Structure formats: structure tokens, C-alpha cells
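Given next, in C-alpha cells, is a single chain: the form predicted alone.
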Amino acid sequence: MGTTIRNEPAVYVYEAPLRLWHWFNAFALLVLCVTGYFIGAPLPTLSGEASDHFLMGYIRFAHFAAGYIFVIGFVFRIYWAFVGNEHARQIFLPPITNPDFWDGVRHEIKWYAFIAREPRKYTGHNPLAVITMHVMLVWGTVFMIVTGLALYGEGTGMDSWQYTWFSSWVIPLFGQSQDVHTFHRLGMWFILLFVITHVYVAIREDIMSRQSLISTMISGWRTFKDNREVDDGH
């Protein structure tokens, strides 16, 4: 991860398919977290005949629909890691054997802890972001998809692909269905912790590090407010 001086005012980083996945994934996560919370902690019983209401049914339908968007989007994201540019692969293949990578991680920790005075600039994700997204987003997503489809397979039945591919081994692995529910719900809070951190860091970096983050995920272009040193690594 060498350091160079970049004179160009902007660098094209995130391709359109990746940006579309980012925002579709954010929308799906929002729906999944809200509806998942109410599935685990249902609303009070409504007055009147039960046949007059289908509120929890709509909530479950929204959860399942968003879940399929989440799954399909992640499969596409894996595909784009192979066919997209180098930045599309960052969160899947962190260079953990590179000493410079861990030096960058340490510096970013100091920067976010208000110890380091100057930020390092990266065309893609900084090293701490790469390792955080790899652990919390990539593997958190895998965990939520596997446990979610295992729970869904209970409803679709033993003849369904969801049951055969997921329920048949995931539920015995955890012990029982309720245990899968519990860990799936804990996974929701794990993902929410990542989202809160991700939003905070994006806003903070846009303000303090003199490089664009939020607008980059809209336009694809990363801009720098001066010509200081920029790390051209991952």
C-alpha cells in the first residue's frame, strides 16, 4: 500500500451496480430490522374480529419480501466482486498478510479516537473500514441469510428447498428452532450496530478528513479538498 501524491481532483471509485446494491441493501435492511423487531415482539392485539385485521401478516410479508431482496442482492454483490473493479473486492478480500494494512488499521483507530491529528486519504475504503465490513457486514450477512432461510423453511415445509438446504441442518446445529430465532434476533442487533457505526463514520469523514464519502456512494467519484498525500492501496 504505497503512498503517492495525487493531483487529480477526483477519482472514480464505485461503479453504478455497486452503488445500486448499496442503496437497495440499505432499504432492505431498514425493512428487515423494523419488521423483524415486531415479529419478535408483536404489537398488542387489535380490537374487533381477528378476520378484520391482517397487520402481522403484512409485517411478515414485508419481512420475507425484503429478505429475498437482501439475499438476491448479496448474491449479486458476490458476483460483482469478481467482475467489478478492485474496489468491489475490498471487503471480501482484506490483505491481512500485508503489514502496511495493519499499520493503516492502527492509524485509523487513532484517528477515530481523536489521537492522530491528520487523516490518511484512500481512494477506496480505509483499512479499518475494510476489516470492519468484512467481519460485521459480509459475515453478518451470511449469518442472517443462513439463519433466516432456516426459519423460513419451517413454514414452507420439508419438501421446500429452503428446508432442505438450510432448516435441515441449521436448526439441529443450534439445538432447536427457538435458539435459531434468538441468534437471528441477536444478529439483527449486530447488523444494526454496524449500520450506526457506518453512518457515523461516513458523516464524520466527510466533515473532518477533507475527502468525500457520502456523495461518493451516489456519484461514484471520490473528491479530495486538497492535494495532500493519498494512499492508493486498498
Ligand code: HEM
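Note that residue numbering begins at 1 and tracks the sequence as displayed. Since this is a predicted model, take the numbers as computed values, not measurements.
Keep in mind that the form predicted in complex with the named molecule is not shown, yet the notes after this line are about it.
Exactly one listed residue, out of Val199, Leu193, Ala62, Met208, brings a non-hydrogen atom to within 4.5 Å of the named molecule in the model of the complex: Val199. Contact here is defined as any heavy atom lying within 4.5 Å of the named molecule in the model of the complex, and by that definition each of Tyr14, Ala26 and Cys33 is a contact residue. Shown alone here, Tyr152 lies within 4.5 Å of the named molecule in the model of the complex, counting heavy atoms only. Not displayed here, the named molecule is kept clear of Ala10 by more than 4.5 Å at the level of heavy atoms in the model of the complex.
Proximity of Arg120 to the named molecule in the model of the complex: non-hydrogen atoms within 4.5 Å are absent; the residue sits far from the partner. Among residues of the shown chain, His181 is one whose heavy atoms approach the named molecule to within 4.5 Å in the model of the complex. Although the named molecule is not shown here, in the model of the complex the stretch 132-154 places heavy atoms of Met133, Leu137, Met144, Ile145, Gly148, Leu149, Leu151, Tyr152 within 4.5 Å of it, in sequence order.
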